[in-house]
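Taken one at a time, structure 1 and structure 2 that follow are two forms of one protein chain, written as C-alpha cells.
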Structure 1
C-alpha cells in the first residue's frame, strides 16, 4: 500500500501551529486569571491552543491520508482584483462613504472570477452592500458615514 503525503496540508497545518503558538506565547505576558474570572491573557491563550491543536490535526492528516494535488497556474486576475479591492476599500471608505466603497469593493471581488456575468456581479455587489450596511451600520452602529465628503455637493 502506498502512502501519500499532502504537502499543502502539512504546510497549512504548520502555519496554524505557528500562529497558535505565537498567540500562546503572547498571552503569557498578561494575567491569565481563572475560568470564572478571566484575565486579559485567558482568551488569547485558549484561541492559540485551539488553533495549534487544529494545526497539528491538519499536519497529521497530511502525513497519514494525504492526496496528490497537481498545481495549476496562478489566477493572477483574481489575485489582482482582490488586492485592488482591499486597497481601494482602505483608502476610500472615509472619503466616499461606506455604501459606495462597499459596492465597488464587492463588485471588484465578484469580477475576480472570469465565469461571473456582469449583471450577476452587479446583483451580488448590491446584495452584499445592503447586507453589510444592515449589519455594520444599522445593527452594530458603526460610526461611519454612508456617503462621504467626496459625494456631498
Structure 2
C-alpha cells in the first residue's frame, strides 16, 4: 500500500481531537473524584484524553505517512434531502400525524437521488406511506395518531 501525506487521515484525526477535546473540557465541569471513588467526570476525562491523543497520532501519521484514500465527492443533494427529511419527521410526527409526516418524509427522501422524476417520486412516497401505515399502525398497533392536531380544526 502506498503511503504518503493523507487528507483523510488528517480530517479523521482532527475530528477525534475535536470531539475528544470537547469531552475533556466537558468532564472538567463535573466532579472528578478520586480513583477510589470516581466522580462522574473521571471516566469521560480519561477516555476523552486517550481519544485526543489517538487523534493527534492519526493527524501526525497523516502528515508523514498516511493511508492513501481518495476522498470522493460528497453528494450534497442527498445529504441535504435526507437530513431535512429525517428532521422533518422528528419534528412533525406528533403535530401532523403519522400519515402526512410519512408521506412528506418519503417524498423528501426520494429527492436525494439526482435522477428522480416527479410522478414517480409521488408514487413511491404514496406506496411507502401506505405500506408503513399498514405495518406500523394497523399490524403493530403503534400509538401515533394518523392525523395530528395540526390537521384537526
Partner chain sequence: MDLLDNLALGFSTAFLVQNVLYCFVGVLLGTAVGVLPGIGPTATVAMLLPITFNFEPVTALIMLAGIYYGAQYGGSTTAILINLPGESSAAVTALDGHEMARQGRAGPALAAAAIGSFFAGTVATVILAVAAPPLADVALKFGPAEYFSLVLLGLIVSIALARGSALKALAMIALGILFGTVGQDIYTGTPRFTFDQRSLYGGIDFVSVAVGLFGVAEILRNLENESTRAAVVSKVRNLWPTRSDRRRIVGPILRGTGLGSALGVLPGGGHVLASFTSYAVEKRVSKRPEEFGRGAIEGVAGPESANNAAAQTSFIPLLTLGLPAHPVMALMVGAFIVHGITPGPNVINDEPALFWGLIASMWIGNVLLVLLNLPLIGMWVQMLRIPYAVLFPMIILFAAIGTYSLNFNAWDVYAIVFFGLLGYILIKCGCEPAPMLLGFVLGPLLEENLRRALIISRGDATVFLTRPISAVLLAVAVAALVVAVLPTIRKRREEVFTEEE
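It should be emphasised that the depicted structure is a prediction, and the values quoted were computed from it without experimental measurement. Rigid core: the largest C-alpha set superposing within 1.5 Å between the two forms. Residue numbers count along the first chain shown, from 1.
J.: Which one here is the form predicted together with its partner chain?
T.: Of the two forms shown, it is structure 2 that corresponds to the form predicted together with its partner chain, while structure 1 does not.
J.: For residue 118, decide whether the Cα shift between structure 1 and structure 2 is 2 Å or greater, given a superposition on the rigid core.
T.: Moves: no, less than 2 Å.
J.: Once the core is superposed between structure 1 and structure 2, does residue 25 show a C-alpha displacement of at least 2 Å?
T.: Comparing the forms between structure 1 and structure 2, which are aligned on their rigid core, residue 25 does shift its C-alpha by 2 Å or more.
J.: Align both forms on the core first, then report whether residue 144 has a C-alpha shift of 2 Å or more between structure 1 and structure 2.
T.: No, the C-alpha moves less than 2 Å.
J.: Quote the shift of the Cα of residue 10 between structure 1 and structure 2 to one decimal place in Å, the two forms being superposed on the rigid core.
T.: So the C-alpha of this residue moves 17.1 Å.
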